[in-house]
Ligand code: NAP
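Form predicted alone, single chain, as structure tokens, below.
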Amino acid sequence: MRTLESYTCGRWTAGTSNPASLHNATTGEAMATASSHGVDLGAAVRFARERGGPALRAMTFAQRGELLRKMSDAIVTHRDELLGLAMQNGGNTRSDAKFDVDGASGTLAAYADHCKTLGDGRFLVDGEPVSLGRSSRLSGQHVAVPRHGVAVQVNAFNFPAWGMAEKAACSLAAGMPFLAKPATATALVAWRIMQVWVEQGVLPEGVGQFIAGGAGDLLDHLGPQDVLAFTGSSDTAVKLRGHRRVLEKGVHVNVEADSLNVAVAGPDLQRGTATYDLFINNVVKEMTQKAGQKCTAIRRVFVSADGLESVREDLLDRLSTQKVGDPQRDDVTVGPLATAQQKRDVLAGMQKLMKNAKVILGGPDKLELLGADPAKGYFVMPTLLEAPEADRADEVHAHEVFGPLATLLVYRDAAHAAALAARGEGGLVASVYSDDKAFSTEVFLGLAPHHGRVCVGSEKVAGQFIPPGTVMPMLVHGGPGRAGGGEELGGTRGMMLYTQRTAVQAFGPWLEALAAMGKRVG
């Protein structure tokens, strides 16, 4: 039985009481404990501000990139070990574990490359200068400088490696130290990554810290220069945003929360075409990868009335071949959910959706497992529902079920598809599949105000299309409304969360000299 310790103020500290248990998602057996009781979280915040912040701000972007490269390489070196831990604690198949662990090292490497292109500057120069008078003698310029605080990064249970790495990559690139707080239930992978970084001496003192266990009184110590970046449920996000200290001190908050992501099949799609196959493949992949425990997974599948029968048949055919069970078996394609509570939540959510939709595959009472005991693990079969009346499917448009489940709904035309998608009240990603440019354009314009990212699949890009559930470091990740209203990644855009944009009014030549010390973007 492992004991997960917190790494704060340059040392590892075990909690003194009330440990939480981490379990093997396949067997239900306890495999580790974690507690932050007795850890001085206020001291950790001060340590980051006083040690980590100055050290990072003294580095150029290129030097910060070298730091990120070492962090990425350290994960790659321990890849097999981390994959094994993810398969046990997270219930990931090996493929799903790779998606998380390789996503972590890949995002750090991408930001390492990005920092290299930013070169020897230490802050960002935002856009071009503007003349404020009759000449350029008096000019104005926006600059983005690192905040003099700590980036508290609270991550979700489903991506313990990638979630921690992508937030850390953005804050370190911007020049701000991080304090990572992963979801306790699946923290084993994140904890081991932090151990590796410390063992290899990758992180300068105070630049990176880690909390194992509950957040305790952490938020009570935040101030106006700090940033709180959160990924998780909208209910928890409300509590964090409404924390008295966060409100009083104006702590900068970024949230990535719930999302009822959609996939829209154009009325032109026909069996046997590349675009149709792309659509079917992506829906199946996003329903089953990581057992549907992805904030970007497809939850609602929109089809035309003419296309319903073929889509239904082909999805049923593909989903029925998925093998559920022990994720360490090579023939298993869908592992268990991450926790017992997660399984209870998925089954309860399924019951809500069944008020408006009928089960056509899977469901709450069916379990066919390979190499696993259904009484011990946290398994749910891939489940496809169909709502006969899309306009009246209130539960389907209101509740995200965080598991291997999606609902088929029929739309009338492009405007109707966009209107149905909007009933999700904000999403992270939507995808459209059509070779009809007019349809794709109309649907995109209807989807865009309600989603942080829209993927348009067609025959032209079918061979290199990236599934909508794959978040790319060079594109923003986040969305409006239900999705939290936040924005992460996107190259330089992701770094902006950890900076203060300041307008400078000064003598033109002085501004030019100042800008030469930074890196102009935008």
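Just count from 1 along the sequence shown to find any residue number. All figures in this text were calculated on a predicted structure; none of them were measured in a lab.
This protein has a second form, the form predicted together with the ligand, left out of what is shown; the following refers to that one.
Worksheet item: Using a 4.5 Å heavy atom cut-off, which stretch among 328-336, 245-253, 214-222, 357-365 contacts the ligand in the model of the complex?
Response: Heavy atoms within 4.5 Å of the ligand in the model of the complex occur in 214-222.
Discussion item. Looking at 383, 434, 93, 184 here, can you tell me which has any non-hydrogen atom within 4.5 angstroms of the ligand in the model of the complex?
Written reply: Result of the distance check: 184.
Fill in: The unique member of 207, 301, 188, 257 whose heavy atoms fall within 4.5 Å of the ligand in the model of the complex
Result of the distance check: 257.
Worksheet entry | Site check 157, 400 and 477: each within 4.5 Å of the ligand in the model of the complex by heavy atom | Yes, the whole candidate spot contacts the ligand.
Worksheet item: Taking the shortest heavy atom distance, is residue 88 within 4.5 Å of the ligand in the model of the complex?
Response: Answer no; every heavy atom of residue 88 is more than 4.5 Å from the ligand in the model of the complex.
Discussion item. Would you classify residue 233 as touching the ligand in the model of the complex, given a 4.5 Å non-hydrogen atom cut-off?
Written reply: Close contact exists here: in the model of the complex, residue 233 approaches the ligand to within 4.5 Å, heavy atoms only.
Worksheet item: Is residue 240 a contact residue for the ligand in the model of the complex, using a 4.5 Å heavy atom cut-off?
Response: Result yes; residue 240 sits at the interface with the ligand in the model of the complex.
Practice prompt. Indicate whether the ligand has at least one heavy atom within 4.5 Å of a heavy atom of residue 420 in the model of the complex.
Written response: Residue-level check for residue 420: no, no contact with the ligand.
Worksheet item: Judged by heavy atom distances of 4.5 Å or less, which residues of 293-307 approach the ligand in the model of the complex?
Response: Heavy-atom contacts to the ligand in the model of the complex: only 295.
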